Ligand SMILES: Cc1ncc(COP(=O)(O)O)c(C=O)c1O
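First, one chain by itself: the form predicted on its own, in structure tokens.
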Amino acid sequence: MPKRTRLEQQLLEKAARFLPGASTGNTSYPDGLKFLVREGRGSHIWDVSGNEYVDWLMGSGPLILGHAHPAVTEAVIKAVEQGSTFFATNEKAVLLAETLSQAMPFAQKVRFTTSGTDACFQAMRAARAYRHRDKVLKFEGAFHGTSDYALMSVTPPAGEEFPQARPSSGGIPAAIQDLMLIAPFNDLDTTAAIIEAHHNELAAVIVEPLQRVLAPQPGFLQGLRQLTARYDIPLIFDEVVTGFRLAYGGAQEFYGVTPDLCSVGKIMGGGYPLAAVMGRSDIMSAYDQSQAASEDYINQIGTLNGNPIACAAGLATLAELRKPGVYQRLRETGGKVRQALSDTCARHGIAVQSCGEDAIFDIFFTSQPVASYRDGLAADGRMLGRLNSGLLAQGILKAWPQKFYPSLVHTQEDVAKTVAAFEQVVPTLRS
């Protein structure tokens, strides 16, 4: 168990005193394993007590180049020296918009925001303005940020009948339930029936093309594309996680399916607060007061939209990702860890399902295939918690409760240390 200095203990006490749940809202660890991050470099982080961790969380995905990457740091320092923000269109925002559109050619227009939550929210709003309809279909268990719409049916009970929505947070107006329809991921027949029954009411369908760590089954995204195109319903890809991770062109390049709108964040901002909604000109014209009818115009103002420092970090990050061989390296690193975890569990007689892609993955403790949110409910979540806690005690940090985020700076030594931790922790999971 990592030791805690008096300073870190005092800071943990202050966190409990001043922060709800002693957390900034993103992570919360069990008693005895709570820690505060002091710094990160490359693929490692250090807590305030000086304990070192191999970091597979990587800021929940954006740090595909690692902590404090020299190219990103240099770009940010230079940008800071030129001014922190302007509340006016700036050079770096224009250059990054061009770069994003080149990476995902369907995206004719780009509107910046500061978070993935807002980018997904804006995509749904733009679709509503385009379709003059109110309802949006999303998939059970999908996470599109923390707007009222997105937090419908993120963690519902298994017995809820489709397409009924259920709030997964306090404070959501009851009326929102009537504006969201819910379908099961990877079930094209049920999804088709819902879309066909409600197509005159639907403004959009929003989907994580890789839902959390659940990869789309062959034909699912293609069928969804065909269904939405048939009724001229905008298809929104939430690529906040998958954008620039599965491929430079995101999940749409990786799976070969093109949406009408998409949200991007995390990697494209280089670890800084930046996201964007992108899409077809005819839909995105709602953001242009000179092009949109007055009732359709979307007034989207944000003090830090297109922030030049964040855009500089994004430009530097994407330049690194255009170098030859980077995605092959990323998948090779992730593939080694993914296979090792499955193999270790198999040797100890523990049934698991390895889900996701090599660039983002995790396991479910179950003998049955996991293709949807409800499949995952049958897995042993307490065993996953013990795995995560055991790895953290061994100095291995991953997303809590689920996801490994490989990066381009994870080394063979990092992989070996992680695999050794699997060997230590997995045999203890049944106890």
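Note that residue numbering follows the sequence shown and begins at 1. Please read these numbers as outputs of a predicted model, since none were measured by experiment.
A second form of this protein, the form predicted in complex with the ligand, is not displayed here; the remarks below concern that form.
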{"property": "Partner-contacting position among A312, V241, V136, A123 - heavy atom within 4.5 Å of the ligand in the model of the complex", "result": "V241"}
{"property": "Residue among R131, H198, R212, R225 with a heavy atom within 4.5 Å of the ligand in the model of the complex", "result": "R212"}
{"property": "Proximity of E208 to the ligand in the model of the complex, heavy atoms at 4.5 Å", "result": "yes"}
{"property": "G145: touches the ligand in the model of the complex, heavy atom cutoff 4.5 angstroms", "result": "yes"}
{"property": "Heavy atom of G279 within 4.5 Å of the ligand in the model of the complex", "result": "no"}
{"property": "4.5 Å heavy atom contact, G116 and the ligand in the model of the complex", "result": "yes"}
{"property": "Option from 317-325, 108-116, 156-164, 72-80 whose residues, in the model of the complex, bring a heavy atom within 4.5 Å of the ligand", "result": "108-116"}
{"property": "Partner contacts for 265-289, taking the ligand in the model of the complex and a 4.5 Å heavy atom cut-off", "result": "K266"}
